[in-house]
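As structure tokens, one chain now follows by itself in the form predicted on its own.
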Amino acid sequence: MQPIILLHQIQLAENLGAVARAMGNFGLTQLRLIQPKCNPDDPKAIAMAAGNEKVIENASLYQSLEHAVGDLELVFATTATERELIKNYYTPKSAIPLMHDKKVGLLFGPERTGLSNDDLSVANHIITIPVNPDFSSLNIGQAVVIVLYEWYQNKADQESWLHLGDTKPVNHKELHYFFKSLEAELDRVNFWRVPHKKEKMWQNIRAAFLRMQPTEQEVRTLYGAIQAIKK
């Protein structure tokens, strides 16, 4: 199963074209654009795609990051720097085995700022590319090439996987509904105590569940437990 490339607020048409070209190099066809700041029909994007402009033409457009990842079972976000969020960090090579037999999204942020902490909070894990720490900025097209190269080299060499039985990994849309229910219940019992600490505490709770990569059955059980406690 090939990963889906998600570009959040991409700014330059040339970079969009470079990403499309990289996707063609490694046989990927699914591209999602979230709030793009450039025109996908820009001739500069088409030129940089170097014959793989069909990926851009067939790209899905989304108005929110939450919606774009809703049907995905596993999301890797990319960043050049370590953040405060409690997340597992992987190199591209070490991340690939986790992608086996899952609907995976690879999330890349805007060129100037990268992904914010709020953006990163939707991801299960982080991919960071080891580079010179004194010059860590990579062009988005280069970053996509590096990650996809590792995926392409390893896609046929998976040695282990998780046996799921009759269930499957929960997608982000269902997980979002669970989070809403949990947050509402924590609000109801005044769990946060100190209001200004809620944002950080809630990020930590979400991060913990996302690292677990729960199944649909597990999330249904957790949801049932919350409802039972509520009653």
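All of these numbers come straight from a predicted model, not from anything done at the bench. Position 1 is the first residue in the sequence shown; the rest follow in order.
This protein has a second form, the form predicted in complex with a further copy of the same chain, left out of what is shown; the following refers to that one.
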Discussion item. With the partner left out here, check for me: in the predicted complex, does some heavy atom of K93 sit within 4.5 Å of a further copy of the same chain?
Written reply: yes
Practice prompt. Consider R21 of the chain shown here, and say whether it contacts a further copy of the same chain in the predicted complex, taking contact as heavy atoms within 4.5 Å.
Written response: yes
Worksheet entry | Touches a further copy of the same chain in the predicted complex: E150 (any heavy atom, 4.5 Å) | yes
Worksheet item: At the 4.5 Å heavy atom threshold, is L98 in contact with a further copy of the same chain in the predicted complex?
Response: no
Discussion item. Can you work out which of F191, F179, W202, F26 has a heavy atom no more than 4.5 Å from a further copy of the same chain in the predicted complex?
Written reply: F26
Worksheet item: So which of S137, T113, T81, N117 reaches within 4.5 angstroms of a further copy of the same chain in the predicted complex, heavy atom to heavy atom?
Response: S137
Worksheet item: Which among 81-89, 100-108, 67-75, 124-132 is in contact with a further copy of the same chain in the predicted complex, heavy atoms within 4.5 angstroms?
Response: 124-132
